[in-house]
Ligand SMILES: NC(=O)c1ccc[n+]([C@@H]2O[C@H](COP(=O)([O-])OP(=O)(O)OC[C@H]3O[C@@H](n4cnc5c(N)ncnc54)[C@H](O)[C@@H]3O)[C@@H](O)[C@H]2O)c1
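In the block that follows, a single chain appears as structure tokens, in the form predicted alone.
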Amino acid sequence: MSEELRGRSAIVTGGARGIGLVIATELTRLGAKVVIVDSGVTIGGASESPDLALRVAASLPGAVGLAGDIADEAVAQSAVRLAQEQFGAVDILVNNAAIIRDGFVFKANLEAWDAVIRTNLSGAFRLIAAATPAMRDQVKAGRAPGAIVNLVSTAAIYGNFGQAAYAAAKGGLIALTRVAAHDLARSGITSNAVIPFGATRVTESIQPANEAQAAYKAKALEVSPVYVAQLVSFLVSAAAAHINGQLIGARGRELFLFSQARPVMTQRVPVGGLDIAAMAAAMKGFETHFTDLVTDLEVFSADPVL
């Protein structure tokens, strides 16, 4: 058995099913001990199986479960304490927990917005805030630095119909990944974001708006999430200690390194600025560099490499 993560302790949120469970399973296969945090809710966030984390952890060697909402600060703190008490440290954070509640912006449901942001973004921040003081202290005491991996989405980059809350939360999580990478760099703790492609409850919930999106859904449901788990496991291993602040995707047997927004062109504005007509003329120079208004489901509707 390969045990590159032997002696390491991980917390995986949303780890009781879907990609989270595949990640937790892969981490334990590689020798890590894992705290599975999961509230057992439906993909929309409704209560369904409150004890799911405990039941799943009991069947996974090297794992313990914590039933609770990671967006609750007390649950985040409990997850860190559990890792320390059961496994002696906390080295790895995998922020995977997410819900989805779609709706067009012109039919705004503020309760749905708040729920998605709370789980998908604030929950990740809660865990990072709770765990990183201990992770930094461990490094000062001579322990090898740990790693953070945040599961994000192409919806944050391309956008998609009706996914304002989900895309905004995942976009915020990309930004949080970068900030954590900066804040923790001196301690050697890395922070990276992974874009997962595969058969998940999120994929199953897609309501295609056109043929390209329908093709995306059909093909995505054929993709095994094991490749995502392998990428996550690599990024939290010593072999990836030099990789920090990056955005990497796994879609079947394809790996993607995503660019991150940077200026692609500049123009000088005269003293006093431009009126609307002059601004329109200046923008003509930018137009060949404008980003297409295309959804993520359309961009990735081609056949995956299985």
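Fair warning: this is a prediction, and the values are worked out from it, not measured in the lab. Just count from 1 along the sequence shown to find any residue number.
Absent from the display: the form predicted in complex with the named molecule. The rest refers to it.
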| property | result |
| --- | --- |
| In the predicted complex, Ile19 touching the named molecule (heavy atom, 4.5 Å) | yes |
| Contact flag, Val34 vs the named molecule in the predicted complex, heavy atom cut 4.5 Å | no |
| Close approach of His182 to the named molecule in the predicted complex, 4.5 Å, heavy atom | no |
| Interface membership of Gln138, the named molecule in the predicted complex, 4.5 Å heavy atom rule | no |
| Interface stretch in the predicted complex with the named molecule - options 207 to 215, 128 to 136, 85 to 93, 150 to 158, non-hydrogen atom within 4.5 Å | 150 to 158 |
| Heavy atom within 4.5 Å of the named molecule in the predicted complex - the one residue of Ser233, Thr177, Thr190, Thr119 that qualifies | Thr119 |
| Single option in Val41, Leu54, Leu60, Leu247 placed near the named molecule in the predicted complex, where near means a heavy atom within 4.5 Å | Val41 |
| Contacts with the named molecule in the predicted complex - residues in 190 to 208 whose heavy atoms fall within 4.5 Å | Pro196, Phe197, Gly198, Thr200, Arg201, Val202, Thr203 |
